[in-house]
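Next up: a single chain in structure tokens, the form predicted alone.
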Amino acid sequence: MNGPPASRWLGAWGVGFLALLYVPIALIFAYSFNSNVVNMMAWEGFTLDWYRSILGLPTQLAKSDNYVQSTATLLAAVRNSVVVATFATLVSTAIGTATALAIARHRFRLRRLYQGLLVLPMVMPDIVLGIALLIFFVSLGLDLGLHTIIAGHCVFLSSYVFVVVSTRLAGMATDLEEASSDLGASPWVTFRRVTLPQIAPGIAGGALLAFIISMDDLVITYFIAGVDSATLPLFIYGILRRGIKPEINALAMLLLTFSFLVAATGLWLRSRRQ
């Protein structure tokens, strides 16, 4: 496998993988500036009108069958996504961080089993988790809405925060915590002044990762969303069922750019060293 043919084969495989991953994104980016209203695949000219249409600004081109129905509807979906992502991130960050600290600093029976159960929502198929949450909420007699979406997101987002914070704790020595206790500090003071500053980048990284996953989630949200609680992914999915139009490309690029910035910030915070 060390010979030139194998190296060329592996190189071609890597290039093909990257092309399959990034060429579709590049096409969406290019077609979001296409001024052709009828055929998105036929390049007619450069325009920013599809981005202006999404933002509710005046445009020179006619909207393609009014697929982005109104700026108010789009903004309502964005507001729902931000509300859900914010509350779900706060709750899941608290749960994931507390659980990671408990497992890292304490030894108890069935610890490994409990740790595996915490990771299970990450590997479970989204459609299975979505159906399970739907049955659970209906069995409790709850009306579906933003509150059920937030509760459902907390179920699997806590696992992501737990993994990120656990990784940070695994590389952190306990010498300073033990010294703080020996010097008479209470457990709360030790946590606030010794432990928390060291794991803060991991907590921030996990929170940002949870936020962006919540903003992008479609499958689980589809099952547990109410009639008037459509999030941005559900809004995009609804108009995609009528066809891919230039407005959708522009909206997808805006969402992709936002997701990239938040995810990059989270990864940077996660990798920071004290």
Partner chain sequence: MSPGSSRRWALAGLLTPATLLLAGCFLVPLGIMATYSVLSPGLYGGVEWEFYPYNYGRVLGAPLGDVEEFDPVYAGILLRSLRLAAVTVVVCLCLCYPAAFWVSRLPGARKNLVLFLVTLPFFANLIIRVYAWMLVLRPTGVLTRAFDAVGLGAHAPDLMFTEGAVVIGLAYVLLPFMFLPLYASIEKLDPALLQASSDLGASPLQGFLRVTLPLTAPGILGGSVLVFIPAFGNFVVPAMMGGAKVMLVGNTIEQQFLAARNWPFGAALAMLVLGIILIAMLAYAWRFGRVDGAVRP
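Positions refer to the first chain, counted from 1. Only a predicted model underlies this, so the values are computations on that prediction, with no experimental measurement involved. In this text, the rigid core denotes the largest set of C-alpha atoms whose superposition between the two forms falls within 1.5 Å.
Just so you know, the form predicted together with its partner chain exists too; it's not on screen, but the next bit is about it.
Though its partner chain is absent from this view, in the predicted complex it lies within 4.5 Å of a heavy atom of just one residue from 135, 170, 72, 183, which is 135. In the predicted complex, residue 240 approaches its partner chain with a heavy atom inside 4.5 Å.
Contact annotation for residue 145: none of its heavy atoms lies within 4.5 Å of its partner chain in the predicted complex.
For residue 249, a non-hydrogen atom is located within 4.5 Å of its partner chain in the predicted complex, even though that partner is not displayed.
Under a 4.5 angstroms non-hydrogen atom cutoff, its partner chain in the predicted complex has residue 212 among its neighbouring residues. Contact annotation for 168-195: a single residue, 187, has a non-hydrogen atom within 4.5 angstroms of its partner chain in the predicted complex. Shown in the overlay between this form and the one not shown, fitted on the rigid core, is a CA shift at residue 260 smaller than 2 Å.
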